[in-house]
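Okay, so here's just one chain, in structure tokens, the form predicted on its own.
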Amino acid sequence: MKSDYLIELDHVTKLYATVIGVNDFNAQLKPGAYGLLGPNGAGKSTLLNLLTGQLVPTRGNVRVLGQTPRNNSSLMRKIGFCPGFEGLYAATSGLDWVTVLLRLQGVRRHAARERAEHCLAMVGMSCAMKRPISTYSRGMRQRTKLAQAIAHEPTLLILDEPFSGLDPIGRAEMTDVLNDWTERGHSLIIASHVLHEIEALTDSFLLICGGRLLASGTASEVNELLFDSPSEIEVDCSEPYRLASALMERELAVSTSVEPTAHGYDTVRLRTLRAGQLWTQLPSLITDNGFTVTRVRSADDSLQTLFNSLLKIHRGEK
């Protein structure tokens, strides 16, 4: 069945006895790159296993590239999967392992060998590809898993915590490989609990907690949802105590504190429950009182704070 969507999740729930892995999950994703974000235990791996057909939903329907993934060998040829677990044969070399997996995809022996060498070189394994996997560091194993995932040129690449175990140089190199992958028109789903890993690849993401979808879209779109949500803001001001007092009098802040700085203007750190109202009234408050302000910064400029704020909203916290 032809579909315009890369992935369709229709009220998907996955139960492990009395434990909920994924809870009434709905999403329709068009081809592109997406980050699946959430803390450990949020349900990321369960969702990826549903997409690759390793798990069957307890309730609801999963479709990938218009097809049901369970026991679908033709669909699996279009998907590359880099799992979070090791799953490597210690006595085999990385080159032989990737070659064998390509052979299982129906690639001829010589072509499989050449393709395996090329993909291992792409991920920085040129010098170690003929060594036994038992001698590899964790980062080298991650690189090898990525090589096997992209070797058959899948339409969709699914990665579960692919940067785990990589040093900063390795992370940068893998980011370059994945950016090149998406620039060539391939789709990508990457699961991680580290937000800056996703920011380097895409600004489209799904944030999950407790198996539920908290938010989806770009960082700016989700920030619009948070415009009137609790927020922490810093203001560098010439008269920080008067500013703090004015904010409290207008009930624009629920708490304030003043922190000295080395550049002459102390910082007012405030917490507000109505960020939108504060941003609207702050310019006139500064002008009317003759304050000199050199910097205003919202912690919500980063995805990390956005992530934390959404989790608080999900838990009903202020």
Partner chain sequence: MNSIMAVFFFELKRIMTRGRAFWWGVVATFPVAIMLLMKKYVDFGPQEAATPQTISTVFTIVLYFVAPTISCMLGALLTAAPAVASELEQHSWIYLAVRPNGLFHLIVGKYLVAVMWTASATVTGVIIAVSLAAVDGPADVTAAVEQQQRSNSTDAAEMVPGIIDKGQVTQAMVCLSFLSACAYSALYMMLGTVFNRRAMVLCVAYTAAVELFLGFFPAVINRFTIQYRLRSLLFEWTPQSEQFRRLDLVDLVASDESAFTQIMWLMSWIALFLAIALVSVQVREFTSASETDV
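Residue numbers count along the first chain shown, from 1. Keep in mind that what you see is a predicted model, and the values were worked out from it rather than measured.
One more form of this protein should be noted, the form predicted in complex with the partner chain, which is absent from this view; the next part is about it.
From the list 198-206, 119-127, 92-100, 184-192, the contact stretch for the partner chain in the model of the complex under a 4.5 Å heavy atom rule is 92-100. Contact check at 4.5 Å (heavy atoms) against the partner chain in the model of the complex: none of 26, 33 and 67 pass.
Shown without its partner, this chain lists 88, 169, 248, 111 as candidates; in the model of the complex, only 88 has a non-hydrogen atom within 4.5 angstroms of the partner chain. Within this chain, residue 83 lines the site of the partner chain in the model of the complex, having a heavy atom no more than 4.5 Å away. Using a 4.5 angstroms threshold between heavy atoms, residue 71 counts as touching the partner chain in the model of the complex. In the model of the complex, none of the heavy atoms of residue 272 sits within 4.5 Å of a heavy atom of the partner chain. By the criterion of a heavy atom within 4.5 Å, residue 276 is excluded from the residues contacting the partner chain in the model of the complex. Residues from 32-46 that approach the partner chain in the model of the complex with a non-hydrogen atom closer than or equal to 4.5 Å are 41, 43, 44, 45, 46, in the order they occur in the chain.
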